[in-house]
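One chain comes next, on its own, written as C-alpha cells: the form predicted alone.
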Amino acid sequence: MKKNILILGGGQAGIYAAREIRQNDSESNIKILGEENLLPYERPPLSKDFLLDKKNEEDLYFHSSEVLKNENIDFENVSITKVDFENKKLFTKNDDVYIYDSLLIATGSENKKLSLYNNLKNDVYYLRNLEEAKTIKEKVLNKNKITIIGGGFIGLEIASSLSQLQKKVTVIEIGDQLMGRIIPKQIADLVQSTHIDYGNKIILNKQIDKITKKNANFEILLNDNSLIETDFVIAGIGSTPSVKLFENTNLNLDNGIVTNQFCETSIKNVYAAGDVSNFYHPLYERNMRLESYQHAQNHGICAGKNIAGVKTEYTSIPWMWSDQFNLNLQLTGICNDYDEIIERGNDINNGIIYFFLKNKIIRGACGLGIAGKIGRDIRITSKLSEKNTIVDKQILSDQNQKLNKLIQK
C-alpha cells in the first residue's frame, strides 16, 4: 500500500532510514524535513579534518541531490513548530501542513549551553553543525590563545585540531579526568599526556566562576581564584536530545524518545532513531541513548526496515571513536557493568586495550593507539560481545596472541 512517510530530521539517521525504506518499498512517498538548508552530511569531520582543511564542504555530504532524486526521496528545508499525533499532521509556523501515515523522528541532539553568561552568549562558540564549524574556522584565524570549556570528545578533538594550527590551547574540565562519563581513567590519562606533550594545557577539577570581556579578549576566573587570559572561547559541555517539540504531547519521553528494539515509540506508526532515541537494547536488557556516527547510521537503517514492514530488532553493539593528534581511541559495548578488567598491551605505539568482563563475557572494551593499531582487535571484540562468548583471559591479555583465536573456539 502506498503511504506518506515523513522523516523529521535531516541528519545521518534520517538519510539512512530513507534509503532503507526505499530499498524495501518502491511505492510510498518519502520526504525528509530538515531544518538546515543542506543535504544530510557527516558531522565527525567538523571537529577534525574540516577545521584542518583536509576536507571541504563538498566532501561531507552523504549523497548528492541526484542520488535522492533517482531514489525518489524528497528533501525539504523546513522548520516544524507543532505536531498533532492524533491526526497525523505536522505544522510549520506559517501553518503549512504535512500529513503522514508513518513518521520517523530523527531530530538528533543539541548542545548544552553555558547558563551563567547570558551577556556573553554571542562570544562563546559551540560546534554542532557545519555553519558553526565554518564560523569557528574563520574566527580563529587571527586568534592565538583559545580556551575550550569541556574535556569530552568534541572539546578534545577541537583542541587537537587547533593545536595543529599552532594555537595555544587551554582545556578546562570540571571533572577529575578527561572524557569522564564513558572512558576508563587509564585511557583518559594517556590522552591527557598526549595533549600536554603537544603543548595543550589541561585543567581538571575546576569550575568557572566568571568570564569577563576585556576589549576583544576575555578573562576566565576559576573557583581557585586562578585567572586565564584568552582570545577566544569554545564550549563543549555535552548535549541533550532534541525533544522540545514533543514535550506537551503524549509521546513517552525519558532522556529522549523512548523506543523499543524495533524503533517504535509509544504512539502507533511513530518511530524514532539516532541521538534522540532512548532505545531498548536486547543484549544488555536495558534502555540506552547513544550519540555516535555508527549508531545513527545503523539505528536509521533499522528504523527504515521496520517502517517498510520488515520487522527487525536493533542489536548492534555500541561503537564510537575519536581521533586526536596521531592517536585513535575506540570504544565498543558498555564499560560500566563489569566484575573484572583485563589489560592488553602497555604501549600506545602498539595499542592498549582494556576489556570489561562480566561472568567471563566481554561487556565492553576501550582502546587507544597510534592510528590503525587497535581497530582490528576492537572489531573482533564487538563480535565476541555480540555472541556472548566466554573468553580465555590469557589470550585477551597477551598481545602476542591474536584475538581471532577466541572466535574459533
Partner chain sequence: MSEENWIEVGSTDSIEEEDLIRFDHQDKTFCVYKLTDGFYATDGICTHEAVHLEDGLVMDDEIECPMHQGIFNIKSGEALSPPACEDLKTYPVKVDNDKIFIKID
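It should be emphasised that the depicted structure is a prediction, and the values quoted were computed from it without experimental measurement. Numbering follows the first chain given and starts at 1.
Although not depicted, the form predicted in complex with its partner chain is the subject of the following passage.
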| query | finding |
| --- | --- |
| Within 4.5 Å of its partner chain in the model of the complex, all of Phe75, Lys89 and Ala308 (non-hydrogen atom) | no |
| Lys69, heavy atom within 4.5 angstroms of its partner chain in the model of the complex | no |
| Its partner chain contact in the model of the complex: Ile301, any heavy atom under 4.5 Å | yes |
| Contact test in the model of the complex: Glu42 vs its partner chain, heavy atoms, 4.5 Å | yes |
| Contact label in the model of the complex: Tyr293 to its partner chain, heavy atom within 4.5 Å | yes |
| Contact stretch among 174-182, 250-258, 313-321, 96-104 - heavy atom within 4.5 Å of its partner chain in the model of the complex | 313-321 |
| Heavy atom within 4.5 Å of its partner chain in the model of the complex - the one residue of Leu38, Ala371, Leu52, Ile341 that qualifies | Ala371 |
| Within 369-397, the residues that have a heavy atom no more than 4.5 Å from its partner chain in the model of the complex | Ala371, Gly372, Lys373, Gly375, Arg376, Arg379, Ile380, Lys383 |
